[in-house]
Each structure stands twice: as C-alpha cells, then as structure tokens.
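Take a look at this single chain, the form predicted alone, given in structure tokens.
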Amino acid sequence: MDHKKLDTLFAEAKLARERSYCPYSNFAVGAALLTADGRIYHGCNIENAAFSPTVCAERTAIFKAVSEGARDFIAIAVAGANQGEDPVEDCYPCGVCRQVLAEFCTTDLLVITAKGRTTLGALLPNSFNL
C-alpha cells in the first residue's frame, strides 16, 4: 500500500473522530477500517456515564463492517487526541480492540497512527484464538 493511500486512510480516521461522543474523557478517537475491495468503514468512540457500555472507535468500525458483510480487512487507521486538538501523537487500539480485530483480521493487518505504522501481530503477539 502506498504512502498516499495510508495518508488518506489516516485523514478518514480524523474525519470519523469529529463524530466522537466523549464528554467524560474529553479524548476523541476516530478509526477508518479499509477492506481489501477498497471500502472504508468509519468509527468513533462513544462514551456512556456508566463507563462499561462505552465503545471504542476501532470496535465501532469493525462491528459496522462485519454487520454489513465485510470480512477481508487490510488496514485500520486510528486518530486520537483531546477534543479540539489535532491528533499528532500515536493512538493505538486498546487491548479489547486488539482482540476484537484479531477475531476478524490477520496478524498482518496494518495499523496506521499519526507517526507511523505497525501490524496487529506486533501489537498483539499472542491473541486468544479458538
């Protein structure tokens, strides 16, 4: 995947971040999940006063994609920062999101952040799989 596509995917994550609902943490996150056939699924974090019902941007994106029949993913971009600030630091998927991604993605899923990229396998080397 070329640099222009990676930059575009990160820009899509930043756009998704604009829909974040984060009145408790004030930390807005957006995700853009790319399928092998070129579709992009967006997600944002959605908080709840009870905290445990809160859902991360990455899980929102993957659940949307899976619920619409997508199963072949090649990259996810994650953009996160305090509301009103530009996401210039790396924001990686949390442990729960990493495990959910591992359920539907291969270990070579590209994970794009503000400063670089890695793979799901590098972030979660010993995922739980049945």
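So that there is no doubt, residue numbering starts at 1 and follows the sequence shown. From a predicted model like this one, the values you see are computed outputs, not experimental measurements.
The same protein also has a form predicted in complex with ligand THU, omitted here; what follows describes it.
Notebook entry, point to check: Okay, which stretch from 66-74, 101-109, 33-41, 52-60 lines ligand THU in the predicted bound form, with non-hydrogen atoms inside 4.5 Å?
Noted result: In the other structure, the partner sits against 52-60.
Check: Can C94 be called a contact residue for ligand THU in the predicted bound form at 4.5 Å between heavy atoms?
Finding: Yes, C94 lies within 4.5 Å of ligand THU in the predicted bound form.
Notebook entry, point to check: Does ligand THU get within 4.5 angstroms of any non-hydrogen atom of T118 in the predicted bound form?
Noted result: No, T118 sits far enough from ligand THU in the predicted bound form that none of its heavy atoms falls within 4.5 Å.
Notebook entry, point to check: With a 4.5 Å heavy atom cut-off, would you call D90 a contact of ligand THU in the predicted bound form?
Noted result: Residue-level check for D90: no, no contact with ligand THU.
Margin query: With the partner left out here, which residues of 8-33 have a non-hydrogen atom within 4.5 Å of ligand THU in the predicted bound form?
Written below: Residues within 4.5 Å: S25, F27, V29.
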